[in-house]
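The data below hold one chain only, encoded as structure tokens and taken in the form predicted alone.
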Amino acid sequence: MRNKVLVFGSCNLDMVFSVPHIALPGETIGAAGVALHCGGKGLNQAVALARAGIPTAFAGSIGADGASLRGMLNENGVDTAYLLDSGVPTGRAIIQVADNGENSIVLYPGANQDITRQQIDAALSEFSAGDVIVLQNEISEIIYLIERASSLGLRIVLNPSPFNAVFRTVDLSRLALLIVNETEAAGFTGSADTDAFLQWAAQNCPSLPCVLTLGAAGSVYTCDGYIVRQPAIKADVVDTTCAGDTFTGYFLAARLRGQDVPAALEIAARAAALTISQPGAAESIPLAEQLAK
């Protein structure tokens, strides 16, 4: 039987404003439009995995105002048995999307920070050694989650976003895959330079598969001295929101299907390119059949 996949993470209601440019400090600007979308790194990555064809479960917390988030997950075939209703309002994000596709995000964590150890223990009791758990850093008790998942023999995929110093204390040997962008890489290395990350990985976790995403510069994979570089796929940029989460979901899906690293990076790059050519967060994630065209 195929190992199960659990995304334990955040889900948010995203209010997205279309603006000519990201507002400067003290500046008031007009928005050409506003829309409410389903988002949060956990939800985005779960939807990406599901749309890539991987049966996926989701664990997290929402408030009474979060029914649309559960609906989005269910519509994509994600198992929400471990998504609990909390007495705390659902997480919210206010997102500015500029005409050039760049974005700026203000995040209210809400129920995402209401995750308890009891909830974690209950959810993980349904999984066993060899199963996969995908984690980010938008929920509470993330270090406990890593330690508990490791003790159960789960394969841990970590995207430490947003980065904070606590990740420098994580035992990297507990992880099965580390995926970071330039900002998160700099959190580990002190430098946004790609070579600095490759050197850091070689010194600190040489046998850990690591992926560094570089936006328009593509991505790079490193493990045991094996390095693969993937250029970004050109696209008409509409909204860069969710590009990294789409990349993560599609890369992991390809690897779980047994595809090699170059193929997985290329598929993830194509999926991310389709995402940034569409507005919205989870709604912009492509279906697997769109990549086959």
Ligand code: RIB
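None of the values given here were measured: they were computed from a predicted structure. All residue numbers are counted from 1 along the displayed sequence.
We do not show the form predicted together with the ligand, though everything after this point is about it.
Query raised in the report: For the chain seen here without its partner, which of 59-67, 22-30, 38-46, 250-258 has a heavy atom within 4.5 Å of the ligand in the predicted complex?
Result: Comparing against the ligand in the predicted complex, the contact stretch is 38-46.
*Pick from Ala93, Leu124, Leu135, Val170: which residue has any heavy atom within 4.5 angstroms of the ligand in the predicted complex?*
Here the answer is residue option Ala93.
Sort through Leu152, Ala202, Ile105, Ala176 and report the residue having a heavy atom within 4.5 Å of the ligand in the predicted complex. Looking at Leu152, Ala202, Ile105, Ala176 one by one, just Ile105 meets the 4.5 Å heavy-atom criterion.
Would you check, heavy atoms only and a 4.5 Å threshold, whether Cys242 touches the ligand in the predicted complex? Yes, Cys242 sits close enough to the ligand in the predicted complex that at least one of its heavy atoms falls within 4.5 Å.
Discussion item. At 4.5 Å between heavy atoms, is Ala271 in contact with the ligand in the predicted complex?
Written reply: Heavy-atom contact with the ligand at 4.5 Å: absent for Ala271.
Do Ala281 and the ligand come within 4.5 Å of each other in the predicted complex, heavy atoms counted? Ala281: yes, in contact with the ligand in the predicted complex.
Could you run down 11-27 and flag each residue that has a heavy atom within 4.5 Å of the ligand in the predicted complex? Heavy-atom contacts to the ligand in the predicted complex: Asn12, Asp14.
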